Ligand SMILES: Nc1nc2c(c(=O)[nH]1)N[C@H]1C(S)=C(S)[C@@H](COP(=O)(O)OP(=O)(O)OC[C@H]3O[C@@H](n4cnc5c(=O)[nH]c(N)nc54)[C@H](O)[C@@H]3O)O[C@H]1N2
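Below, in structure tokens: the form predicted alone, a single chain.
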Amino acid sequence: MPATSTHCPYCALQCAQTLHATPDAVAPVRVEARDFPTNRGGMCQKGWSSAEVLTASDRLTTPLVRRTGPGGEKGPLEPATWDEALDVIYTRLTGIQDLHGRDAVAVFGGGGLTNEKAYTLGKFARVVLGTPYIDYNGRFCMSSAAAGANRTLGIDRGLAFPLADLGGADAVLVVGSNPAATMPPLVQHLAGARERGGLVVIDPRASATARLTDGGGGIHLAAVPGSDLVVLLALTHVLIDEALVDANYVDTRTTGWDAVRASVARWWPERAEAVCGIPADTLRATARLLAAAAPVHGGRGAYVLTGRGLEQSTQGTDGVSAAINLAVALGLPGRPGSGYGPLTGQGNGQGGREHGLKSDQLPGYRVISDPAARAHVAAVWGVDPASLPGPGIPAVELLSRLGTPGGAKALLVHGANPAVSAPNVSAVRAALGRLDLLVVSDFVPSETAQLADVVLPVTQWAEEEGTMTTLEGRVVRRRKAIDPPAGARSELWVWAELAERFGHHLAVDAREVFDELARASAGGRADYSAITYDRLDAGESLFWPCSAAAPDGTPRMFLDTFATDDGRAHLVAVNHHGPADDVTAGTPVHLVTGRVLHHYQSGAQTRRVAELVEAAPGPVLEIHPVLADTHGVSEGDAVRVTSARGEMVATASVTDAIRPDTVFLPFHWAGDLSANLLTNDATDPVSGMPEFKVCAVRLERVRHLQEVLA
């Protein structure tokens, strides 16, 4: 059987796969794990079953158009030819722009798009449509981590080191992430720290990752939801108070330390305990454990890793800054065997923001308001820099303004499902309903596609060529193993066809697009200029920056200097203000949301795989026995969860693996089962990231779930 080397279509770990094409129409691909530095031959159940989505029973294979009746009423989606569907899109987009201006059209992308697609979609929005209004679902995932890294380290590459480096460390601090469920093959890289008793996990749940600290593996800090920042401030306070700071590193490699020192002075452990719920002695012991692992004190090394539990907050950027400050106090960033970094979630969340899907960026991680950046990219694109629009607005604001005066009247969605994945999702669904035109490109009829006026069937990962950028800044190849269904087309083809109708030319061949991307990125922070398909095919992967100055790539960053104007890390002093939607007498319980092992993001793919659905058929509410007893809730009961924004009902799972003041819901389900009916769309003022991870709710036992469903 023909074999094709590629990578998993799910998370940013990008586990290596070999796809074997088969003559079986029902199962045309057999998936085999392949050895690679990130996964070392392993995959999670999502990866093993990834080929099943290729033949989903409701796979989209023909364009669909919603007809309008004589009275303006919208009818059902009906099959159409490609020419008809594209003509409808072009005619209606130009009509909207003629009436309301070019800004009346918006674009929403996804972190699963290849680098080539992310790049082209950004170019399509700014050159063909001439709109500033483009953003993507990575705003929900990595924007706080990016903002924090950019303002302190001068650059955002996710991890600034190969993931395998974690294995040699004495200690690894994981803040707000549960990789044992979200990217299981990563856990093997934590084994060294765990064996040495140095794994520290900050999480209000005793998650699968937090439980790795059991039996002497390390320390689990079950902080009050929304108080991770306080824990980080207190740990830094202890390092200063007990003279455990790497003073030489701070003096020679940073600026702003005095302000940081002053800001953490108020967060002595006893005060922090009153806010975060972690005993003062445990905070001190944790700081000492991390210090002992740091090279300045003779340790093998330490790492600080952050995730969405810290970042998806109205103080998410400040939380990231506090994590960086802690790492800097220990002298970790840029030191071999140590470091700081966020764990990117989406498959190409990194590459998407590097090459143009964010509202304020151009390819190469250039700032769109920078005249030099505009001039460089415009030259590659063959347009006048003055013709490029300025910065747009972040995703939450973009979505909330749809169909309002001054907001976009048309939205093109590519590789995203905001009708499920956005916070306060009832408001987002209402906003989508206000549009004059909603166009969705997808390979299955996602919940957002079902609301669309035009649906375009596109290819999946095993049916296309491209590149992805992993959580460690490693660029890898995606390769075509099988032909797509006859009616499906690559988004590159879709955008080229639409561009032609607008009088523009866009490349369709992925290799040609990547070569152009490399030129557009040259000299930028995310410089891919020395990367080619031939080099990736010969050597599997390359780390950016990869340029004439660093032709072999840059596996480890910051060894000698940071990417700032003076080469120093610019530390930012921060403080804690707490969640925007904190508990009250009427909503006395913290709700935290997250992923479960068997599903991914909005569930549009994994909810179509039988074995994954069987393993996790619906959302389960984790609730502590004490809290359950207070509300008369038993295992398997139906519980109504209500926030200021909405309500939903879930099955109770009574467990002591969560704080007694907190409940947990996964967010992979749609409709009335969506956890995002409850979540808060308040955003971080720097990053624009919404506060997914904590809000206040009240609980009510209703009837047994079977009765509710009946």
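Residue positions are given as counts along the sequence shown, with the first one as 1. Everything numeric in this text was worked out from a predicted model, so none of it was measured.
Below, we refer to the form predicted in complex with the named molecule, which is not included among the displayed structures.
Taking H599, H376, K409, H237 one by one, only a single residue has any non-hydrogen atom within 4.5 Å of the named molecule in the predicted complex, and it is H599. Proximity to the named molecule in the predicted complex, taken as a non-hydrogen atom within 4.5 angstroms, holds for one residue of G198, G301, P269, G594, which is G594. Of the candidate stretches 385 to 393, 222 to 230, 469 to 477, 516 to 524, only 222 to 230 contains residues with a heavy atom within 4.5 Å of the named molecule in the predicted complex.
At the 4.5 Å threshold, heavy atoms of L362 stay clear of the named molecule in the predicted complex, well away from it. With a 4.5 Å cutoff on heavy atoms, V589 does not count as touching the named molecule in the predicted complex; it lies far away. The named molecule is not shown here, but in the predicted complex it comes within 4.5 Å of a heavy atom of F667. Although the partner is absent here, G351 lies well away from the named molecule in the predicted complex, with no heavy atom inside 4.5 Å. Across the proposed site, T314, L399 and T683 without exception lack any heavy atom within 4.5 Å of the named molecule in the predicted complex.
Interface residues of 186 to 207, taken as those with a heavy atom within 4.5 Å of the named molecule in the predicted complex (partner not displayed): I202, D203, P204, R205, S207, in sequence order.
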